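One chain comes next, on its own, written as structure tokens: the form predicted alone.
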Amino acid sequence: MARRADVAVVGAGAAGLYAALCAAREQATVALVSATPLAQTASYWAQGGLAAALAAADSAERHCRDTELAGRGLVRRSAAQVLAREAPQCVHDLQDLGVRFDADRFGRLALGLEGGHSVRRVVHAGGSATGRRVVRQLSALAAADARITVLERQRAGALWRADGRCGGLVCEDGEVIAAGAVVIATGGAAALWARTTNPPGSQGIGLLLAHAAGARLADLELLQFHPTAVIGVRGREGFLVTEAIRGEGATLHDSNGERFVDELLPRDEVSRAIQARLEQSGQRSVGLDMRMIDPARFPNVVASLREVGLDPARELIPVAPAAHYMMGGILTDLNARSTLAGLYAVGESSCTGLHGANRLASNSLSECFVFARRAVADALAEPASARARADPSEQELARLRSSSPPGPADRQTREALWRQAGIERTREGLEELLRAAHPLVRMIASCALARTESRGAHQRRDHPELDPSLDHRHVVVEPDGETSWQTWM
């Protein structure tokens, strides 16, 4: 007998929790599937904030323009317009749900400045503890809501189709959840790369579940590298030092002590500048100087660094780029609908075209909330007859229970992905990845091979120039694994 819910949400990070709470507010029943205990997801560690046009000198149009400039000619303007227009509403809704954002001495929201933004528009909670504060509050609300059934330490093993739409999911322990709509909110795949800011579980499981069920993926070649991740420090390898610290005046220095880049350029430019300086010097890291920053502004970053013997008030912090955020994912429309009816994707597991070839800092948390709310509203607006929750047949159930997504990529595969699909790529290296055992690695390589240009986070040494004919052109992975092109204006 299947467990029944109006909405099943897979993943309990910021996007999944908010989707569950939005559905519950509409009196819908929700099954929330979380591979970890609540408040231990990747979102918990997010140091960035929420980008929203809240200042008097700001506007949705300006936010949209900054997003498009950062995205290097690949941003879907309609998605950027939706985000810029609706992000302020989501900030206010989170406040109504009990999230306390940082304020100035007059009680107004304290807005931070980050790379690629033309004005201060980033809302934080606890300095660099935004993810922790938001996820902790939303987790408490979800756990207390009688309409939300939380299935902790549970993993989705497969999605099933019924009458041409997603009918629900089967968990790895065999439990069946029949749902009127399924929302994938499992995060991205940056942990497939050997050097990463992400926790080990961020290896694209939601993308593989959706693709196996027949949904299209897109833009898998577009993986953002964060410029300032700690390197060479046992216990803190890949620890992200938030961009907000550079927004408050921290600077980057090479081995000669010289500044070599405008620290508030978009992330792709700063990452490439650091990588070039490392190749010139033969060093493994550059130095982040945050000695002029008040430690009380970013308590969790300072505490984490001091735990491993680094004192940011006295010394430069060794940093280098690391895989951080996947702009690609499950192809969705502006209501988070995938190409399989009844299946939605939100947060980093989705690809609306919002981020283009280079995500604007702190747009990702805003995206989680804007599109999670849209996903639930769209799903619950469908007629009840279209959302019938039928059990899978015994034959189908046996097949689903015997199938499961691939396990984590091994160290050798992750090292190969970092080496051949890192900040710079070549045709020969990408073709080597086509032989990888992990299916998502092969799809990433196929997309990167198709994009024969350098644009934003995707840099080809054998195609070093941007190709204007590929503006607004996106690589799509079809259900059979072949790639095609779509134009999103």
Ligand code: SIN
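It should be emphasised that the depicted structure is a prediction, and the values quoted were computed from it without experimental measurement. The first residue of the shown sequence is 1; numbering continues from there.
The next section is about a form of this same protein that is not shown, the form predicted in complex with the ligand.
Trainee: Quick one: which of 93 to 101, 285 to 293, 249 to 257, 362 to 370 gets within 4.5 Å of the ligand in the predicted complex, going by heavy atoms?
Mentor: In short, 362 to 370.
Trainee: Of these, 272, 211, 236, 324, which has a heavy atom no more than 4.5 Å from the ligand in the predicted complex?
Mentor: Exactly one residue meets the criterion: 324.
Trainee: Exactly one residue in 332, 203, 349, 242 has a non-hydrogen atom within 4.5 Å of the ligand in the predicted complex; which is it?
Mentor: When the ligand is considered in the predicted complex, the option within 4.5 Å is 242.
Trainee: Does the 4.5 Å heavy atom contact test between residue 456 and the ligand in the predicted complex come out positive?
Mentor: Although the ligand is absent here, residue 456 would stay clear of it in the predicted complex, with no heavy atoms inside 4.5 Å.
Trainee: I'd like to know if residue 226 sits close to the ligand in the predicted complex, meaning any non-hydrogen atom pair within 4.5 angstroms.
Mentor: Flag for residue 226 set to yes.
Trainee: Answer yes if any heavy atom of residue 267 is within 4.5 Å of a heavy atom of the ligand in the predicted complex; otherwise answer no.
Mentor: Result yes; residue 267 sits at the interface with the ligand in the predicted complex.
Trainee: State yes or no: in the predicted complex, is some non-hydrogen atom of residue 48 no more than 4.5 angstroms from a non-hydrogen atom of the ligand?
Mentor: Flag for residue 48 set to yes.
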